[in-house]
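For reference, the chain that follows is the form predicted alone, supplied as structure tokens.
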Amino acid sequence: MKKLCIIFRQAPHGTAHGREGLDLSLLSASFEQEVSLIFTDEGLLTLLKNQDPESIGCKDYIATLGALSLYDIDTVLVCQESMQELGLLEANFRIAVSMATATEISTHLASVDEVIVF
């Protein structure tokens, strides 16, 4: 089984990157790849509760985050430094995540076969 890590670095609604990353995550997991996700920089904004993307004319793909466990995507890491920079708390997120330091993220990246950044 191939290990794939997808990193979300961009804000969720300015581009299609977030939606494409999430689609790739679910598709890869459905083909029995071991998928993990890392949210860092503005990519953390993807995880926020109470978003209304339809009010700015965007598709609400973020609701799909709730399906991660159905696809056995259990490893969702959030960069602690990015959280501090953005002033976010774990309670702000719509799904359960694991906080990770830069060192822990580097260790995780060394353990996977492929890394894709969105």
Partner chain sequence: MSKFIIQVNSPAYGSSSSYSAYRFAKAAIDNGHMIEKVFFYQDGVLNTNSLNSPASDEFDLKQAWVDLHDNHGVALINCVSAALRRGVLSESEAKENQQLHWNMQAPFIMGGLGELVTGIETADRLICF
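Keep in mind that what you see is a predicted model, and the values were worked out from it rather than measured. Numbering follows the first chain given and starts at 1.
There is another form of this protein, the form predicted in complex with the partner chain, and it is not shown here; the text below is about that form.
Undergrad: Is Gln33 one of the residues lying within 4.5 Å of the partner chain in the model of the complex, judged by heavy atom distances?
TA: Residue-level check for Gln33: yes, a contact with the partner chain.
Undergrad: Mark Ser28 yes when one of its heavy atoms lies within 4.5 Å of a heavy atom of the partner chain in the model of the complex, and no otherwise.
TA: Heavy-atom contact with the partner chain at 4.5 Å: present for Ser28.
Undergrad: Residue-level contact is defined here as any heavy atom of the residue lying within 4.5 Å of the partner chain in the model of the complex; does Ala102 satisfy this criterion?
TA: Residue-level check for Ala102: no, no contact with the partner chain.
Undergrad: Applying a 4.5 Å heavy atom distance criterion, does Arg9 contact the partner chain in the model of the complex?
TA: The answer is no: Arg9 has no heavy atom within 4.5 Å of the partner chain.
Undergrad: Leu4, Leu24 and Phe118: each with a heavy atom within 4.5 Å of the partner chain in the model of the complex?
TA: Answer is yes for this spot.
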